[in-house]
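Starting off, we have a lone chain in the form predicted alone, written out as structure tokens.
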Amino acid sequence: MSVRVALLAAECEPWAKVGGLGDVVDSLARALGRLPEAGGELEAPIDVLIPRYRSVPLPSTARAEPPLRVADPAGGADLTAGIVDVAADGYRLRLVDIPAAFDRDGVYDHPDDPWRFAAFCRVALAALRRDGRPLDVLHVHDWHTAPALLERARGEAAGDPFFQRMAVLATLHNLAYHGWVPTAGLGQLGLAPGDPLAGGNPFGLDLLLTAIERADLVNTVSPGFAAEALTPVFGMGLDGALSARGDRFFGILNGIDAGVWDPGADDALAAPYRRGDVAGKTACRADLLRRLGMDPSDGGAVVGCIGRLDPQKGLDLLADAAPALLEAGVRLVVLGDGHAEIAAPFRALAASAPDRVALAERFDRALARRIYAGVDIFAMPSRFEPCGLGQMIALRYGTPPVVRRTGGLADSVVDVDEQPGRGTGFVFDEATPGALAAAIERAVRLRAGDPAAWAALQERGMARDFGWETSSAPRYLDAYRRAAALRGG
């Protein structure tokens, strides 16, 4: 008998994407559908349910299911919600359409976010129940889908077999975002102060903690970060709860889709190239620099960085290191948006030296691809990084990364000086501008001083296989099996 699995998330690329969560949900769902060992074991296609935000485009092939009527989590008038089916690449995308909750600008950061996502979870579970088939495993992602655990607890208390059977795997992509609901806001979740489901905190409810405590299995997105998360420094106040789960908490390294991220077939690039034949990378470099107003004939190293302008990502370290790097002949290309105080020094540098520094404060898919292919060195100086995808994409595109030794960065990049025959990039330890600059300078020296060693470094990086089907998806299939077994399904 096949196992029915559904993924519940706030994002799924390309329909709704704010960060790496959207990439992971889409890539994992597609990979699960392609796993040979899953054939006959997983019911196909797998369901992926996300909210229908105002910004989500609907293809002409989208199909509306009959509307659903569910109780408002906050106790107001019943909600009438739609479910829109979209044929995705290897899975079934179902958009949960609750206009009062999601027909707004922006995905997050609304004052009633607890209610919005509680309503989403309630409608999504009602849609899955209406299908008339048991749900063996619900795979929830981050705090936005933690209200589904509250729904299961209510259903179990009522003796509902749908919820008694349903196992839950909770994947934590970023422990920095808890989904904190103060006591005054508990009504958005249909809870009152003192309700056992609200936990024992008199000040409110931590939705991420709720998922950790109530899921059958919990994972984060790299083994390295799973170990770090058990410490006060990286656990973000959740280390005790994670430790209490014992071997039911573990890490699975994210992957990337080798078909989506392929320099040999990337339409955004000026020229294709591949492992064993990287001649096209030279054309990509020249094209990027021309687009940015920089001199393509300058052979000095170009360092690229793509990510949120956020203290977590360490771009302030790069900004502080920039004057010394520029003095050494390095040029910088930065793509991302976020904190104004982190963007400010890059803006000033780009204004004073536009031929040396470029800052693009936006989300730009095509430019991101051109940066991965066109820069010489890729920087990811994160203070903490549950997994990170940029370093994997950079390796795939033949661009050696400079990363800090943390979380998934440490799991996926091997320092070339520590392991000369196996190294794929440059790793530094201290979260300081000096340590970052020193690591970049090591990369610059190797590129300039030993072209053969640099070419070998690129070759090893491009040979790394981070494809979902060969790395991460089989581990998730194992987790589904285990969760279902623990639940007795």
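Numbering starts at 1 and runs along the sequence shown. These numbers come from a predicted model, not from an experiment.
The protein also exists as the form predicted together with a small molecule; that form is not presented, and the subsequent description refers to it.
Proximity to the small molecule in the predicted complex holds for none of A373, T424 and R460, with the criterion being a heavy atom within 4.5 Å. Shown without its partner, this chain lists P386, G304, P401, P114 as candidates; in the predicted complex, only P386 has a non-hydrogen atom within 4.5 angstroms of the small molecule.
For the options T80, T282, Q312, Q164, the residue carrying a heavy atom within 4.5 angstroms of the small molecule in the predicted complex is Q312.
Of the candidate stretches 341-349, 170-178, 148-156, 185-193, only 170-178 contains residues with a heavy atom within 4.5 Å of the small molecule in the predicted complex. When contacts are judged by a 4.5 Å heavy atom cut-off, G20 counts as touching the small molecule in the predicted complex. Heavy atoms of S412 never reach within 4.5 Å of the small molecule in the predicted complex, leaving it off the interface.
Proximity of T406 to the small molecule in the predicted complex falls outside the 4.5 Å heavy atom cutoff. Put simply, R308 is close to the small molecule in the predicted complex: some heavy atom of it is within 4.5 Å.
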